[in-house]
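Single chain ahead, by itself, as structure tokens, in the form predicted alone.
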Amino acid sequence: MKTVYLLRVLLIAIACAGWPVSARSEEPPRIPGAGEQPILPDEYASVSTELFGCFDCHGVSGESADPEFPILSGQHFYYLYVQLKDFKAGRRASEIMQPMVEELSKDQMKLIATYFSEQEWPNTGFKGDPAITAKGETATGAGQCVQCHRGGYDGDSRVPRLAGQQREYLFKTLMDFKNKVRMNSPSKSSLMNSFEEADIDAMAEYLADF
């Protein structure tokens, strides 16, 4: 019996010696910890530098923990792509975004838009003041915002999702339309010009809480 046991041990040792080192020591993919960059799929290799730059403000999946920066994760692909094109062409001004996109090709911008559009829209947990959100509901109704952004304010292709977007970003963007700082949607500028700042502030509160 002892001889049979030793023979088995010897055979196992010989078999193991023939295994590649990588096969025996291979570890599962490491999940990045806090503050570390994520591991991007190979198809995003050509825009990895740009995506890492996006992560600095918008978060690693576009969830944007900073209320001044918009949520990108789960936003519509075509809308994101058009905004990148508008930054590149100067139709939408931004000292941060324009230098980041000026050298990007259309295919690269499409890749970036694809990456963020495929992420899940986060829940910010924002809860608005009921009195303000009621005023905001009245204002968005008067502006017939649902005509383009749909009843759930979740948008559709060319039109962005507004529901659950960062409140500060919504307010600034709507005011930029009103003051003609943002010029890539003339119809939105005309609409916002018909509202007082207090109404626009209430709209932002209502949509962020939607």
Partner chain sequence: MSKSAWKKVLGGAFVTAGLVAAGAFTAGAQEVQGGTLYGNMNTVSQDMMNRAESDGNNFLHTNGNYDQTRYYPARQINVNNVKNLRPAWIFQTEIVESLETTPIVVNGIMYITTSFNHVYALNARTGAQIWQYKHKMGPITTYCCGPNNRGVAAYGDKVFMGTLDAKLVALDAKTGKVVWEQQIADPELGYSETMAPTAVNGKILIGTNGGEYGIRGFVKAYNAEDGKLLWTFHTTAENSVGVWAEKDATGRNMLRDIAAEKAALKKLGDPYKTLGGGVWQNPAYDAETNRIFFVAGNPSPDLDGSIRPGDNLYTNSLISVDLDTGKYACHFQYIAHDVWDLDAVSPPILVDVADKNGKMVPGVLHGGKTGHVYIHNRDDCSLIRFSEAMVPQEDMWVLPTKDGARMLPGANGGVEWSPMTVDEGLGLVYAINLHQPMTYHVESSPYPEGKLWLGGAFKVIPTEEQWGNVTAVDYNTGKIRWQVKTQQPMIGGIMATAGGLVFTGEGSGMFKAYDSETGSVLWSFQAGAGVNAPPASYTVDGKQYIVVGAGGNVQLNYKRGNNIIAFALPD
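None of the values given here were measured: they were computed from a predicted structure. Positions refer to the first chain, counted from 1.
Keep in mind the form predicted together with the partner chain is missing from the figure; the text below concerns it.
Enquirer: Quick check on this chain: which one of C57, C148, L40, A163 has a heavy atom within 4.5 Å of the partner chain in the model of the complex?
Expert: The residue in contact is C148.
Enquirer: Heavy atoms, 4.5 Å, the partner chain in the model of the complex: which of 136 to 144, 67 to 75, 97 to 105, 122 to 130 makes the cut? Say which one.
Expert: Of the options, only 136 to 144 has residues within 4.5 Å of the partner.
Enquirer: Report yes if any heavy atom of L191 sits within 4.5 Å of a heavy atom of the partner chain in the model of the complex; otherwise report no.
Expert: L191 belongs to the contact set for the partner chain.
Enquirer: I'd like to know if N179 sits close to the partner chain in the model of the complex, meaning any non-hydrogen atom pair within 4.5 angstroms.
Expert: Although the partner chain is absent here, N179 would stay clear of it in the model of the complex, with no heavy atoms inside 4.5 Å.
Enquirer: Does the partner chain come within 4.5 Å of any heavy atom of K85 in the model of the complex?
Expert: K85: contacts the partner chain in the model of the complex.
Enquirer: Mark S46 yes when one of its heavy atoms lies within 4.5 Å of a heavy atom of the partner chain in the model of the complex, and no otherwise.
Expert: Output for S46 is no: heavy atoms all beyond 4.5 Å of the partner chain.
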